[in-house]
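One chain comes next, on its own, written as structure tokens: the form predicted on its own.
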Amino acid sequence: MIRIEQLNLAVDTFALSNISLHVKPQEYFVLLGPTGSGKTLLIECLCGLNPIDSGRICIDGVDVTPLEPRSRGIGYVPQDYALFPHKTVRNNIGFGLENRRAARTSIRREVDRLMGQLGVNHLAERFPQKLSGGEKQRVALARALVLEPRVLLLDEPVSALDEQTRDSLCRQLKQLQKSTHTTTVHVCHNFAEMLVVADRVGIVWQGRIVQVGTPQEVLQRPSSAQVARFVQAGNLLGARAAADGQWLRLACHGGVEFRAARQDVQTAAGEVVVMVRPENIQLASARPENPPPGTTVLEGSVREVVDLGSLVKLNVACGAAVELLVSLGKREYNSSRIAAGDHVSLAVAPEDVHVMQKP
């Protein structure tokens, strides 16, 4: 549905550089990256608000690069929602249809339908200044969807909302996208927000897209140490890699050693970065008997236990210079009866050890 080819745009000292991206029909695609990475600038290029220096943008097989925003078949919800302050909710939503000179009965029917679908029909005669953040977001969505766009662009749609409202609206956004089958591109910098809605995600870093994949692919197999830090990898260690039969032996700085499957990495020797996600570390009070081949087994001491409600995080010192973060479900932690100061054993399967080239 969306095809970006070698897009370049320079704005003052910042630039979008050689961006190529394909978004599938009916896909919910998230552009995720830190503030200032170029996410908003990129979707402004998609909808035509920023003419690009070079490259091409195609929507549904049509080159829209030279077209004005209104001719691209795109619905756009900016970060501040941009509702008309002098128009009621009903008139805000119906604005696009009025511009198309649709019949009044058709406008009323479509506006009523969308207000009901998004749960704002009781707000029909209110003005934007009398709406909450979540209500404004729903009205802005309805205004964009009333024109039945081929593509919907959402720029930080829930960033100004509290956590509870954000999670609820993210679930509603996902359900709405499934019911309308609208190809959607959602910009955010919040990791948890991305997990709720994304079919696939593109990581934007300093004006470039550095990785594209499913949320789990990006979580478990980040393309670089930068991406790993951004997606909250938990444990990143410098190491020296060496071939060891069917395994890659990873001697980490600090004395601990991991093993990874050789076929999962591009390098068989040299300086690398090792990532082990906290939830992939098995913790027990005693060393496991007969662990599967390639399993890394480490001994350590629990330094700190942090109870986060449904999740418990433990800092475990392994040797003098390495501290690993371990994440357990609350029920799993309660059954283990492990506390700060206890001696523990850690086990990591080779497929859960991810190796990246050193930057």
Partner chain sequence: MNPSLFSEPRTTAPVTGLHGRLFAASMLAFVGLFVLGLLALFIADVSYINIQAVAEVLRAPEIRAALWLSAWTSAVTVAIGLLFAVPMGYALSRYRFPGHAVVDSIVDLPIILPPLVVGLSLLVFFQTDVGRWIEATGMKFVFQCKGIVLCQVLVSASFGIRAVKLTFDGIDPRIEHVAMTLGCTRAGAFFRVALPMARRGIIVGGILIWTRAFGIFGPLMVFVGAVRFRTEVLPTTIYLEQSVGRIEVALAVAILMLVLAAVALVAVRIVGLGQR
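Numbering follows the first chain given and starts at 1. Note that this is a predicted model, so its numbers are computed, not measured.
The discussion below concerns the form predicted in complex with its partner chain, not included here.
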**OP:** Tell me, please, which stretch of 287-295, 27-35, 307-315, 66-74 lies within 4.5 angstroms of its partner chain in the model of the complex when heavy atoms are compared?
**Re:** 66-74
**OP:** Decide whether residue 85 counts as a contact residue for its partner chain in the model of the complex under a heavy atom distance cut-off of 4.5 Å.
**Re:** yes
Original post:
So in the model of the complex, does residue 99 come within 4.5 Å of its partner chain, heavy atom to heavy atom?
Top reply: yes
Original post:
Might residue 186 be said to contact its partner chain in the model of the complex, defining contact as any heavy atom within 4.5 Å?
Top reply: no
Original post:
Using heavy atoms and a 4.5 Å limit, would one call residue 79 a contact residue for its partner chain in the model of the complex?
Top reply: yes
**OP:** Name the residue from 95, 205, 247, 230 that puts a heavy atom within 4.5 Å of its partner chain in the model of the complex.
**Re:** 95
Subject >> Position in contact with its partner chain when the complex is considered in the model of the complex, options 147, 210, 124, 251, heavy atoms within 4.5 Å >> reply: 147
**OP:** Output the sequence-ordered list of residues from 2-38 with at least one heavy atom within 4.5 Å of its partner chain in the model of the complex.
**Re:** none
